[in-house]
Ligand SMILES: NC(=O)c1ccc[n+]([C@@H]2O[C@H](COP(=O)([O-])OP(=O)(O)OC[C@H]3O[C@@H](n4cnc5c(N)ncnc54)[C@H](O)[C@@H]3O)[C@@H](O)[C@H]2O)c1
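As a starting point, one isolated chain is supplied in structure tokens, in the form predicted alone.
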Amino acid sequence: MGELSGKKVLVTGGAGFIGFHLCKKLSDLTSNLTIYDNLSSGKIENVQDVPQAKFVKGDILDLKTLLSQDKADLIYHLAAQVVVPYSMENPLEDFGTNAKGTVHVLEKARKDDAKIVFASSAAVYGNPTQLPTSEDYGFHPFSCYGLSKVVGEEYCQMYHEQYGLDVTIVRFANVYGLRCHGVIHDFLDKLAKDPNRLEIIGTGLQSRDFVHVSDVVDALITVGSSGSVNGKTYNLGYGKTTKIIDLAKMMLTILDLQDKTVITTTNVSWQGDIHTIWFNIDKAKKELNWNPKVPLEDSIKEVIAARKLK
């Protein structure tokens, strides 16, 4: 990926889970990398583990500070409020961060004439009737979070069309891996406290497309390096879906707890919860020459080993 060598790259939300893994890879490709994060959910350890990068503690809602940063050639906009239940309880804050904050980052990109890669979400599809879901399915958000991401995408397209900004949108399925929060780590936390019982929030029949962070980072690097993705949108998932109850059973088998642990369900999920996420990733495969490589079972073993639970 020599195309990034010498490029000045800015990553908003670079102290977060995906941001850390992306910046780790970017730091090998360019010596001009800036992490911009307010550390509200990102972690300073993630910044410290990418020592080659310049770190600015800043908020995307602070337009003056954002615009005062060194001129960028490429901006990865990952900073966001990503918790669906929180968005339903705090829609104004969610809108501020995800919609207004995105316009601020677009203004930075416009000022610098920088290329921008916007991180969107499966939440824009809501509860899709088309499975697997392709990029042209349309917007049917089911939560305030999903709606704020739709607004962010629409602003990206507006800036592309009206200002000629170089914009690419990537929609993430359920990204997981080391340093992640989410259902896999939630299950491991619960089992660490009580290996005899594992409670699933909801019915357990809700289904997710789990894609490993290393595969997502590969796609992000490709998108950032490519000159032929301007104005385009890509699904980034594994291209298959896994029921949460099946995930739980897989994890119990790996941990050799399948005969010891009782699985229970609350049968009541949170507001805005999506039933099925399952991406059609043919477009990314064809146009980015991208193929996710890491199977779910292998990476769960990696996460468990890292946590020293076995």
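All residue numbers refer to positions in the sequence shown, first residue = 1. Just so you know, these numbers come straight off a predicted model, no measurement behind them.
Although it is not shown, the form predicted in complex with the named molecule is what the next lines describe.
Proximity to the named molecule in the predicted bound form, taken as a non-hydrogen atom within 4.5 angstroms, holds for one residue of I116, L78, C144, V223, which is L78.
Listed residues T265, T65, N38, T34 were compared with the named molecule in the predicted bound form; N38 is the one with a heavy atom within 4.5 Å. With a 4.5 Å cutoff on heavy atoms, I18 counts as touching the named molecule in the predicted bound form. Shown alone here, K71 lies farther than 4.5 Å from the named molecule in the predicted bound form, counting heavy atoms only. Contact between G272 and the named molecule in the predicted bound form is not found at the 4.5 Å heavy atom cutoff.
Mapping the unseen interface onto this chain, T133 falls outside it, with no heavy atom inside 4.5 Å of the named molecule in the predicted bound form. Here the chain stands alone, but in the predicted bound form its contact with the named molecule, taken as any heavy atom within 4.5 Å, falls in 40 to 48 among 22 to 30, 237 to 245, 250 to 258, 40 to 48. Shown here without the named molecule, the chain has F172, A173, N174, V175, H181 in 153 to 189 lying with a heavy atom within 4.5 Å of that partner in the predicted bound form.
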